[in-house]
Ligand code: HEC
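There is one chain below, alone, in structure tokens, taken in the form predicted alone.
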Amino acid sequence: MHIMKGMLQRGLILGISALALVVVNTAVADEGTLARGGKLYDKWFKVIKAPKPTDTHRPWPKANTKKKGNATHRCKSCHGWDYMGKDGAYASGSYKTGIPGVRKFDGGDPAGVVAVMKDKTHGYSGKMADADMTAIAMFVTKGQVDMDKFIDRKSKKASGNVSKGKDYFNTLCVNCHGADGKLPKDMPPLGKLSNKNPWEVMHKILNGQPGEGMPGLRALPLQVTADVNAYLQTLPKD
């Protein structure tokens, strides 16, 4: 009886694992899925309306005492807005962790990324649906952007056509952010954000803002996002 019960349990586990693999294998890297994955990478618990984590994520290094709580559960907090982790913008500053980025997964197998998210280090099994983890995996493997092609790492200067960026901004973004980029009032001016952290701004232009109605521009040519980012750096910082 115990043997039969064990066989049934193992069969159920294998069936669930196989179903999860089917979800990954049948997922399509359409722009909507990639944008959702980008927002989940940003702040997954906000996107799926899960309770905000109150503990510090298990793999967060004890050497970093500047961040704790829910901030440590965001993919971007370890792996960076530029997806380069310790080798990118997070080589220093309050998000310095010594953790690698996710650039090595670009072009890889989404199922492998899902497996990493479910391992003992990350521990995301049960915290979000398989479809959500698949969306993150699709973003990581199919939706990353090599930001060094659009942002000078040393000066933080965004490359792009400022004139075109102005036109895009004033037709796509102005209604929510205002002509000077100072809306909504509960966030810093876009001119300040884009000059301080152009990688974060580029990520959000492409994918949207978690929990908000902000549209992502991912379905448009990538140069549109680069042009908007370049224009934002000309807006008032205060």
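Since the structure is predicted, the reported quantities are computational estimates derived from the model, not experimental observations. So that there is no doubt, residue numbering starts at 1 and follows the sequence shown.
As for the form predicted in complex with the ligand, it is not shown, yet the points below apply to it.
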Review point. Would Gly101 count as a contact of the ligand in the model of the complex, using a 4.5 angstroms cut-off between non-hydrogen atoms?
Key: yes
Check your understanding: Is Gly178 a contact residue for the ligand in the model of the complex, using a 4.5 Å heavy atom cut-off?
Key -> no
**Study point:** Ile151: touches the ligand in the model of the complex, heavy atom cutoff 4.5 angstroms
**Key:** no
Exercise for review: May I ask you to state whether Val47 is within 4.5 Å of the ligand in the model of the complex, using heavy atom distances?
Suggested key: no
Exercise for review: Kindly confirm or deny that Lys86, Ser159 and Gln223 each have some heavy atom within 4.5 angstroms of the ligand in the model of the complex.
Suggested key: no
Study note, to complete from the structure: Near the ligand in the model of the complex, with a heavy atom at 4.5 Å or closer, the residues from 31-63 are His57, Pro59, Trp60
